[in-house]
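Presented as structure tokens, the chain that follows is alone, the form predicted alone.
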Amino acid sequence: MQPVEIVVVGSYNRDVVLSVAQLPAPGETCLALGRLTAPGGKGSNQAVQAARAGARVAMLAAVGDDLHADEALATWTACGIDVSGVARLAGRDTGMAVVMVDARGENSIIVDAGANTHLDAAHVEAAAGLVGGAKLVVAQLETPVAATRRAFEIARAAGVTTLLNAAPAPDAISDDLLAVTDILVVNEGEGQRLTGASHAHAIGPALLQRVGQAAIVTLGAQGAVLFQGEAEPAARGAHRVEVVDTTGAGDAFIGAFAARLAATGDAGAALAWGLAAGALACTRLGATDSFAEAAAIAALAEA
């Protein structure tokens, strides 16, 4: 077997997606127009998209000992994702999320993290060979920071690039985690919380000073901006698509960006793939069900 290119350290949640006419106000009850259950969680989503975009991917995660864990392992295996770094924890429930999506494609999400909160540095140490042999290690903030930090430390020692997606939005990120982060990706809201700046061209430089290689600020329908070294900021617009559901679009961006970066080492080319995959993910309901294959991503990225 060929070695893994990308290791994703992150979460798995079983998603229950409810379609509603409009998101309920506090105290309001509304009837769903439809329901979809599907694999989810930021880590899993990003791993699946990276695999569909052509990368060889491994998942480093914690799941429970229930049927949802079986579904997680089956999902990853079907995508060709290496599951040797997945810990199955006795007596724990696999994470789950309830997602409400309105007629405009906007969503509200409630997450019960379950086993995700028990991924720890010992699990990472057990997968050190996997991490150190990759080209890129990707993580988010839905699992404990101690596990992510240890994975990034192992990666750095082996010369492997690290990418942190600072989501869900934190009020701060510890300096010791940023010290081992090469590429930091935030949306505009996350960037505002971390820097106090109000727009991408102030957020990006502030974050770039705290990481090793690059910072990216995603702007939803406005595209994204890449800040890298001494180069001028590279802004790319979003693709115009008919939006059905924005759930998972950010994860699609990360997964496709990571796949292209691992393949080419070119962050600009990777940005184009991320934006294309994010746009395509908005055209169907759900997260992983909406993630495109490499050919479709490449066609839109190069259009």
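Since the model is a prediction, treat every value here as computed from it, not as a measurement. Position 1 is the first residue in the sequence shown; the rest follow in order.
This next part talks about the form predicted in complex with a small molecule, which is not shown.
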property: Heavy atom of residue 260 within 4.5 Å of the small molecule in the model of the complex; result: no
property: Residue 49: touches the small molecule in the model of the complex, heavy atom cutoff 4.5 angstroms; result: no
property: Contact flag, residue 255 vs the small molecule in the model of the complex, heavy atom cut 4.5 Å; result: no
property: Any non-hydrogen atom of residue 109 within 4.5 angstroms of the small molecule in the model of the complex; result: yes
property: The single option of 81, 160, 214, 97 touching the small molecule in the model of the complex, heavy atom within 4.5 Å; result: 97
property: Which of 234 to 242, 34 to 42, 262 to 270, 50 to 58 lines the interface with the small molecule in the model of the complex (heavy atom within 4.5 Å); result: 34 to 42
